[in-house]
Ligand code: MV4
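Here you get one chain, nothing else, as structure tokens; it is the form predicted alone.
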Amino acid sequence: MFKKILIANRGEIAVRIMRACREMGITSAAIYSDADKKSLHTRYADESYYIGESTSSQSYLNKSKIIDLAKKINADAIHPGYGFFSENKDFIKLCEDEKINFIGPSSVSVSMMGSKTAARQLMKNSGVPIVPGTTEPISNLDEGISAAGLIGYPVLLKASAGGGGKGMRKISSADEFKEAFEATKREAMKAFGDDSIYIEKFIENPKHIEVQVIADKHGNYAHLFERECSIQRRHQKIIEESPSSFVDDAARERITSAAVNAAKSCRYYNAGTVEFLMDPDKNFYFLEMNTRLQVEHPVTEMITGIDLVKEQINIAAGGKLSFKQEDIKIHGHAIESRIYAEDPSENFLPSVGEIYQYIPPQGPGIRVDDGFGTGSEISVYYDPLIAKLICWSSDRDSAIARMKRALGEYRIAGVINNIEFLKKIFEHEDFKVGKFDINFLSKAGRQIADELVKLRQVASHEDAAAVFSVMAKEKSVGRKKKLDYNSPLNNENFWTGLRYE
């Protein structure tokens, strides 16, 4: 087993990995930038090393600095978390060449799944259903128009090297094609350094269902069931749950078998996720494979009892899976809410600054994966994810009730956050009965955001006087604040998110 692991990441995922290392008796080494000198992951690690300036390119995305540091401190392995270098085939190949264990898949597997068009062709050859469309990049405008006509509108233009909703456009008619084609290629080049794009049929009202897979280097493969990831804003998930209330036993058997076949097709090992779109008739189509640990992995851990990070480390060290497929059962229901420093009423604009109060919820069935605390800074340089709140219970209804209770207990002050927005989703009738798809927030999100704006309006001079009294006290100690959505002043959440200088 490894003696020391360098965690090439930051925030809540770095802390999550460090906790697994500590339980396994492995020394954890953190890297940190100027912006993260006081961050939780920097302080929690057994060893911490300055890596560079705040910009990612000078720190967390500097290949040579990270590799040189790993060798200098005699780290046995590097865990990339997610984001940054977690799916970078060149970085993984560099680790392989330098004889540093990369806790993840091989560079070959990542390369095979890195191109969306190549992955689609591989899935098609392996019998995994794919969305109707092209399996090669579109070389020119005329070819694209012809292909779209054969597929049938509406279609999606998508970046071959894409992800996270970047480089993607819906086209409803041939009249829109030229402008969208040129714009998508520009976006793809800017975001990924590769302007190749392909075309898929637009699936109406789908669910976003993903399957957790895991495999060792000895040829053992398993799945850990599915996750429901349809609640998204700007193509980014904010609520995930497992299992999906929409997927029945028959559909579960089909989609999990397809996911394992997908992993086998690229000789995959370590943890990975195969993502699908599922239509209202439970037909499903391969979307992509994320060759890394997912942000939402805790919901899978909560219903299976499997620690995915420990499995990752064990597999990278040459061990076998600690379980067999038949050993894994679904126990209860788990839901994850992503707590962001952002303003839902302002199109999810990130909110930066100091967190001057941070009190997470507690109690039975509650897990909080966070990377911040009181006194931490939300920086302009990185993703504004503060924490992940995971709630488990015996069934979906009670898991939702527990989540609502836990969100109500959260106290975050100093930055605007999305807690009230999340609470409104859990109170929505369509969500409660599982009647939603990936378009849920495009339909209901604006209404929810507008409700939050109304909650911020001052109702009386008496209430205003109370608030401005607190403002005066804050200013007397020279601090600029933003009131928490869940501030003690926020009786019935009336003062939700009020900002002042």
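Just so we're clear, the structure is a prediction, and the values are computed from it rather than from any experiment. All residue numbers are counted from 1 along the displayed sequence. Whichever C-alpha set is largest while still superposing within 1.5 Å between the two forms counts as the rigid core.
Not pictured, yet referred to below: the form predicted together with this ligand.
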* **Partner proximity in the predicted bound form: Arg169 to this ligand, non-hydrogen atom cutoff 4.5 Å** => no
* Ile306 near this ligand in the predicted bound form, any heavy atom under 4.5 Å? -> no
* Quick one: does Val415 come within 4.5 Å of this ligand in the predicted bound form, counting heavy atoms only? -> no
* **Partner proximity in the predicted bound form: Tyr382 to this ligand, non-hydrogen atom cutoff 4.5 Å** => no
* **Contact stretch among 332-340, 263-271, 201-209, 79-87 - heavy atom within 4.5 Å of this ligand in the predicted bound form** => 201-209
* in the predicted bound form, the one of Leu287, Leu422, Leu224, Ala316 near this ligand [non-hydrogen atom within 4.5 angstroms] -> Leu287
* Asked: in the predicted bound form, which of the listed residues (Met112, Leu156, Ala258, Val368) lies with a heavy atom within 4.5 Å of this ligand?
  -> Leu156
* To do: For the heavy atom contacts within 4.5 Å of this ligand in the predicted bound form, list the residues of 412-442 involved, in sequence order.
  => Ile438
* Would the C-alpha of Phe431 be classed as shifted by 2 Å or more between this form and the one not shown after rigid-core alignment? -> no
* Asked: Against the rigid core, is the Cα displacement of Gly152 between this form and the one not shown at least 2 Å?
  -> yes
* Would you say Tyr198 moves its Cα by 2 Å or more between this form and the one not shown, aligning on the core? -> yes
